[in-house]
Each structure stands twice: as structure tokens, then as C-alpha cells.
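Take a look at this single chain in C-alpha cells; it is the form predicted on its own.
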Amino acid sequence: MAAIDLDTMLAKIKSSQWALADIDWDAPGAEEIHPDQWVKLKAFMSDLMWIEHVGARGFAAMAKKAPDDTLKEIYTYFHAEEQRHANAEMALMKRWGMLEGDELPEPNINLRLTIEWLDRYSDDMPLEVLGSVIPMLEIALDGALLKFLLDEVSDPVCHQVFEKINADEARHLGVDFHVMEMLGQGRFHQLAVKTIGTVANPKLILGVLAYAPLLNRMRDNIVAMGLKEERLYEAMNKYKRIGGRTAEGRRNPWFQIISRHGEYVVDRSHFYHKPVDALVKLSNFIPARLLGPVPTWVKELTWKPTA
């Protein structure tokens, strides 16, 4: 992947915008969903939709940290695109009879905790953290979850929607890895000292306590649906291969931390999973009332195909 010109990329992003109204949501094919897969697919789509919105909130925070106006505008577009992806996935759920009226899919408790953390603390996180975590989530989304979904679902409208989503995600990843390399510029010891200071930040520690159980729950849910673990390995290897393709990329301490963490997540035999599985079990006992109201930005989600 060659280095990208951000001004050219911004022009390409602007010319590639699409809307839910571009899709014929009543076209034939909804009956292709097999009754045996409907329940699991509903849970899968709900989680996928919320992950998209988590990404949207991450890009909103990154826009505030962007070092120049071009990257800020790109992240602002990416924020809107991730919201559109979430809305399109909700529209598919509506098409398949998985939503009643204007209801929102219910996020699992670990997604709810991650949303809560993002709402409170993501604006305080440095670009180095968000700019290295978001590509990992998007690699997993693009390289594993979406490909798996298209293998499982025959509905042509689903394939049409995800052709558009995949094109957006390809641009996101191009910018993501460009920025990761940019964040690796400078002397390694200076980058390392800054990283150590961030790692000790209590807000980041809270974020890890929300993020790690979420990944474990999601990993196990999609494997239970039939996703081959090799696809997860492929996704993590892609992150490591592209993120580490240059000296600047390899010098980014957050790339090193997150690529190593990705290896732990996909390897179910690693000791890492024992404490994280315990956190997943503990999170099941957290009463929803302790989390307070859903953040207001969640109300921007809708399945309705507006222009």
C-alpha cells in the first residue's frame, strides 16, 4: 500500500458519498434468510451495528485531535460514514423483520460499557491511542465479520449494501495506516516515554477494562455462529503486516502494543483469556440502571432511508 495524499483522498471521499435512499429496501430477496439462522443473525447484526457506531464515536474524537484541517475533515466524513453504516445495517434488520417500529437493537452489556466509556473519556485520549485502535477494529470488521456475513446471507440487497460499506472501509483503512505511520515519526525513546505516561492514565485503564471483555464476547459470539478462527488470524496478521510495513509504523509503540494484544485475542489457548473471561462473566451482573441513560449521540441512529 503506497503512501497516500490526504487532499486527493478527501476529494475521493467527497465524490463517493451515498445514502440509504439509494437502496431499494423492498427489492426481492429478504426471504433468502433461513429461519434457522434468523435468531443468530439478529444478534450478529445488532452487535455489528453497535460496533459501527463505536467507530463513529472514535472518529468524532479523532477529528478533535487531528493535526491539520484536511485530516480533521476526513475524520468528520468518516464519523458520518460509520453512522451511515450502522443505519444501513439497522435497515437490513428492519427488512428482515428483526425490529419493531422505531426500536433500537439492544447492545450487549460490554458494548454498553464501551459506549459509556467513549462518551465520557474518548475526547481526552491522544490521537496515538485512537489512531492505532480504530484500524484494528476496522480490520476485524472488514477482514472477518463482513466477509463472513456475505458468505452466510444470500439476500442481494445485503450484498449491495455491503459493497458500499466495504468501499468506505477501504478508504478508512488507507487513512488509518497512513496516520499510524505518521504517529511513529520521531525518536523511539520519546515516543516510548509518551506511551508510558498514557498507559498509566486511569481513564485509559478504564477503557481497557471495557474494551478487552467486549472483544472476548464478540470473538466467541462470531465463532459460535460459524466464523472460522483462521479468518481472525488473517485479520490480525493483516493489521501487523500493513501497520509494520515501514520503519515509522514499527516505531509506533501503540502499533506494537495493539498488534501483540490482537494475537492474544485470537489465540483462545492463551492465558490472557482467563482474567478477561472472568471480566465478561462479572459484567453480566452489572444492572443496566447503574449505567444511566444512553448517550444522546445514539439517538442519531435510524433505519429510515433518508437522503
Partner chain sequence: MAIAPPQDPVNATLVKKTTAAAGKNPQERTASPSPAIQESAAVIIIGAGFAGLGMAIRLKQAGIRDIIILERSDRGVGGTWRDNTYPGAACDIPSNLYSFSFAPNPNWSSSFSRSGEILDYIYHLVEKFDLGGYLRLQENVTGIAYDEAAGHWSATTDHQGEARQYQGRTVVMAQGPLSNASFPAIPGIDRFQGHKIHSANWDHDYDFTGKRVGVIGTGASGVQIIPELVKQAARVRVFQRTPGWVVPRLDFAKPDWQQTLFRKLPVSQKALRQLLYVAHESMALAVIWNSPLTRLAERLSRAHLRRQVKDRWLRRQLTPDFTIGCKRVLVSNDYYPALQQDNCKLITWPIDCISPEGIRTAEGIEHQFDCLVFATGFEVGHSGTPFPITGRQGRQLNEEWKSGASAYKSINVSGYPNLFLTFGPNSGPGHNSALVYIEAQLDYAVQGIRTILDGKLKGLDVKPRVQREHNKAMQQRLSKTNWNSGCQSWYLTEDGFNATMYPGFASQYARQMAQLDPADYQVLK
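Positions refer to the first chain, counted from 1. Small disclaimer: the values here were computed from a predicted structure and weren't measured.
There is another form of the same protein, the form predicted in complex with the partner chain; it is not shown, and what comes next is about it.
Thr76 is the sole member of Asn108, Thr76, Asn216, Gln160 with a non-hydrogen atom lying within 4.5 angstroms of the partner chain in the predicted bound form. The listed set Lys147, Arg112, Arg231, Arg84 contains one residue whose heavy atoms approach the partner chain in the predicted bound form to within 4.5 Å, identified as Arg84.
Among residues of the shown chain, Ala80 is one whose heavy atoms approach the partner chain to within 4.5 Å in the predicted bound form. The closest heavy atom approach of Asn284 to the partner chain in the predicted bound form falls outside 4.5 Å. Although the partner is absent here, Lys12 is not a contact residue: none of its heavy atoms lies within 4.5 angstroms of the partner chain in the predicted bound form. In the predicted bound form, the partner chain lies farther than 4.5 Å from every heavy atom of Asp24.
With the partner chain omitted here, the record of contacts in the predicted bound form names 116 to 124 of 231 to 239, 218 to 226, 96 to 104, 116 to 124, defined by a heavy atom within 4.5 Å. Highlighted residues Asn201, Arg250 and Ile257: none comes within 4.5 Å of the partner chain in the predicted bound form, counting any heavy atom. With contact defined as any non-hydrogen atom lying within 4.5 angstroms of the partner chain in the predicted bound form, the contacting residues in 42 to 67 are Arg57, Ala60, Ala61, Lys64, given in sequence order.
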